[in-house]
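Next comes just one chain, in structure tokens: the form predicted alone.
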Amino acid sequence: MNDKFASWPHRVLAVVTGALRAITHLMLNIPERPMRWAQRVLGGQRIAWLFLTPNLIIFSLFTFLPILINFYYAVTGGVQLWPSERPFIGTENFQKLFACDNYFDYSTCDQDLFWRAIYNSMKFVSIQVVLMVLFSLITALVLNRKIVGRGFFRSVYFFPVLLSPVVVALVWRWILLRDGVLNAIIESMGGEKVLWLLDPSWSFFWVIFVTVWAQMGFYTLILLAGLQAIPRDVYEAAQMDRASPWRTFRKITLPLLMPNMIVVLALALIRAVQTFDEVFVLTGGGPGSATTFLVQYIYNTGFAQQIQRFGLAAAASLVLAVVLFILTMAQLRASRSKIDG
């Protein structure tokens, strides 16, 4: 009797296993006939398009279609969201953006905030990218040396890249608030509180600092890979010739690292022009318009104001797209010339 009841779990397990095998066999063999038929109809070379079709549909719906809609909004006016209710106005939105008496004085422009955003973006990019490349290069050079805990420090510098930009900005906002951690430390040392995010100069400084801190690990990794790809015998030959460290860096390391430097510079430029998340959470574009960049202007114009001017925001986004296209083409040309050279 006991043997009879003891065999029941084995029987149940055998039935379940057999059912799973049958279902798996059925699922694997169902697509076989349609795929053989598709291969006969399309041929061996064109059947690849059958596998690409789902991705092409997704890209068309969520990438190409929004781009076409954006072009349509840029040449239409009104405040209506539905495209059929928007009147065609041609290039009027672009004319509003570029209507200026003096392009070097944004207060004379019809859309002065747009030009203030361009001025802020140019200032931000010129400072942030230089500091990004500089600190990434210094960090990569240090982490490429034989130091204690090198693997640990490599992980530490790359860790901020794994965090969401919103999380990074929230953490630093918590540190920089009037009653935040940094002011608490200053007060404990006998100092006075500083309004880090309400002073235009300080807020611009902290936006640069936070973005460099958050993104530097990614570019450091690229430069570190380039440094490790340089043959060691080149350095040994320089050491035998008694070349100084600075001469070795200038004549050997920097030229051989230049392809990676070009990639880092181009990626940092494109990323800096598109900066939005950290600034939106950290300062919201303020105080006033001190940290309002081009993407922030597009967002505010299209969604954050009481009167949502979708056409003007779409036109500004196309201006940004042209800038990004020029930067991308410059990066590709520089990379190609470096490879050919």
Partner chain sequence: MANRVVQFLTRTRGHGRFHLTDWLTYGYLTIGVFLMFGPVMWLALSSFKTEAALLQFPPPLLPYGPAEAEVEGYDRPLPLYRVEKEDGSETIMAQVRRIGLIAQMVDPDDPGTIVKVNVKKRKRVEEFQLATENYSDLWRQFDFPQYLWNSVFITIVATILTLIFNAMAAFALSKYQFRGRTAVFLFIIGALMIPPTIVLVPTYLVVSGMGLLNSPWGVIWPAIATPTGVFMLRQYMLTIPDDLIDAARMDNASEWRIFWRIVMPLSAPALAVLAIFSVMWRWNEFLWPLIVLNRSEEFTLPLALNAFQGELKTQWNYLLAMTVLTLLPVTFVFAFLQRYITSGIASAGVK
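The shown structure was predicted, so the numbers you read here are calculated from the model rather than taken from an experiment. Positions refer to the first chain, counted from 1.
The discussion below concerns the form predicted in complex with the partner chain, not included here.
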Study note, to complete from the structure: Residue within 4.5 Å of the partner chain in the model of the complex by heavy atom, from Phe205, Phe98, Tyr119, Phe158, is Phe158
Exercise for review: Could you tell me which of 208 to 216, 111 to 119, 89 to 97, 125 to 133 sits within 4.5 Å of the partner chain in the model of the complex, going by non-hydrogen atoms?
Suggested key: 208 to 216
Exercise for review: Classify Asn102 as contacting or not contacting the partner chain in the model of the complex by the rule of any non-hydrogen atom within 4.5 angstroms, answering yes or no.
Suggested key: no
Check your understanding: Taking heavy atoms only, is Asn183 within 4.5 angstroms of the partner chain in the model of the complex?
Key -> yes
Point to revise | Ala225: touches the partner chain in the model of the complex, heavy atom cutoff 4.5 angstroms | key: yes
Review point. Would Leu163 count as a contact of the partner chain in the model of the complex, using a 4.5 angstroms cut-off between non-hydrogen atoms?
Key: yes
Revision key, fill the gap. Checked 138 to 173 against the partner chain in the model of the complex; residues with a heavy atom within 4.5 Å, sequence order, are Ile138, Thr139, Leu141, Val142, Leu143, Asn144, Arg145, Lys146, Ile147, Val148, Phe152, Phe153, Arg154, Ser155, Val156, Tyr157, Phe158, Phe159, Pro160, Val161, Leu162, Leu163, Ser164, Pro165, Val166, Val167, Leu170, Val171, Trp172, Arg173
